[in-house]
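Take a look at this single chain in structure tokens; it is the form predicted alone.
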């Protein structure tokens, strides 16, 4: 949603948020010539450097409290003034302007500036997506009323119309009442392709609670009866997980209505699996600073095919690798081998009434530790097991998402909707639904029995690089190369949260088991923590020196594990990271809080691999941490 065009008056209303220079709403697929014609306003090209340096001098000489906020103007003004010069064919002035001022911009805009420096002629601008995005999506700046009034007064006194026009036409200034923000607060939140998120974008209600679990008794097996039930009771109720745990019997007040979105009904096999899960949970290790998990690392040796994706089943019985040679390889990580179902002719001979019919339908002759799935025609960038372990998803550079049967190890469906590479895919925690995201900048929601997507989530300004379902399956988080994370409502396809703060493309997402928090990792090596209900950043974990490709919370949410291209797994104290959140801070009209510099206090351990970048992490049902990656000899 873009704001409407509002005339700027000297006396602005005293409400908490005011919008200035909103601009006309532009369709998602703008007419290129119409978009660029906005640069027609002719200013004297020789004065652009003077205008910019004049504003720069004014901001650098203003009081410290205003300088940090007003410095946010440098980058968007620099880009728009440069593009205006190029569009109006003042090529030498544009080159001189770029060379003089590009060094003043923040380091996290270097990649964008590299693209910009290649746009030196009017013709170059027409096919450049980054440029069109910059032009059509207003760059959002969050500035206190005092700083804004200071800027406005300066520009009007100097009659600096060229800059004032750009401010009104291309920027969206989100004004708040209260103290100006510090440089540190601003730096934590900026860096995305389109500036910060408008505060309004994070105000919608989000049902982040968990759905109520169906209740059924858990029969104890002999082993359990001996160990845990000396009184010899035949059954015991489902062991209640602790409050930090993921699922509980009581209805969560923040949970969505149970029937908000249609979810598949539990099959008998699902109930059996839940019983197994509960038994495992009863033996789960309680993790914490004094009790760190053991880490078991699966290294893919001689992976000359190029390992590009990994997933592990929830019960930790199978691991899958997606490879650059377009194959998908599934391994059993237990002594139980992988078997296919018998042929139709053999199945017809089986007694369907026998108790062990599920065992009889499997063909022992096909038993092996590894199955290779052929079908994609490009590198496989994402893989995901279904919760019931009957299906596997894979997505590829070839633009398709494929659904494979783990009963027959064959491809059942190829979903075609993305026209470009698909970077990630993931099954819903309840099965049936899955999400995919790709180079076409959109994420799509699918159901296994529909060959068309059910929802298309559009809004990112660059590739959707990673996708994750919320534990209650009502929301989907997407990370993008536009350096933002968005949360989407599955019910209606609306974007309900926009998180900015990363300085590079986002490559990993993880929801806490209780559904309240989201952790995100990116090429900037930082892990950021977000409170979903309030829509605010609540933590920043620094330590990794390269892209964070894997994030996972332990089963009860006490520990966050992060894995990176820097060949390390790091463990963080999640309880401590989230415990001291002051709700008073949340309610401040400015929409930001002070982030503590406590990465070192929260870091519980760093574990080096010899030379293996970490691409996947998984906590078993008993809280053993599994990590995976391909050994790299460089």
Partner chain sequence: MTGSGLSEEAEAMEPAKMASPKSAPKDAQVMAQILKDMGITEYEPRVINQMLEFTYRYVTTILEDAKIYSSHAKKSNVDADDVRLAIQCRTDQSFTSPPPRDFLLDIARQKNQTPLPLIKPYSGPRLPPDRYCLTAPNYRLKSLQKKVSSSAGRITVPRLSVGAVSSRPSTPTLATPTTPTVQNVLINPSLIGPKNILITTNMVSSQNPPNDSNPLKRKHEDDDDYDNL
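Since this is a predicted model, take the numbers as computed values, not measurements. Superpose the two forms; the largest set of C-alphas matching within 1.5 Å is the rigid core. Residue numbers count along the first chain shown, from 1.
This protein has a second form, the form predicted together with the partner chain, left out of what is shown; the following refers to that one.
Stretch 116 to 124 is the answer when you ask which of 98 to 106, 560 to 568, 116 to 124, 528 to 536 has residues with heavy atoms within 4.5 Å of the partner chain in the model of the complex. Among heavy atoms of residue 214, none comes within 4.5 Å of the partner chain in the model of the complex. Taking the partner from elsewhere, residue 433 is found to have a heavy atom lying within 4.5 Å of the partner chain in the model of the complex. Contact annotation: residue 357 falls outside 4.5 Å of the partner chain in the model of the complex, judged by heavy atom distances. Among heavy atoms of residue 414, some come within 4.5 Å of the partner chain in the model of the complex. For the options 334, 92, 294, 492, the one in contact with the partner chain in the model of the complex, meaning a heavy atom within 4.5 Å, is 492.
Though the partner chain is absent from this view, in the model of the complex it lies within 4.5 Å of a heavy atom of just one residue from 157, 290, 449, 353, which is 449. Within 4.5 Å of the partner chain in the model of the complex, a heavy atom is found for all three of 370, 439 and 453. Contacts between stretch 454 to 473 and the partner chain, counted in the model of the complex as any heavy atom lying within 4.5 Å, involve 454, 455, 456, 458, 459, 460, 461, listed in sequence order. Once the rigid core is used as the reference frame, the Cα position of residue 349 differs between the shown form and the other one by 2 Å or more. Once the rigid core is used as the reference frame, the Cα position of residue 104 differs between the shown form and the other one by less than 2 Å. Relative to the superposed core, residue 200 undergoes a C-alpha shift smaller than 2 Å between the shown form and the other one.
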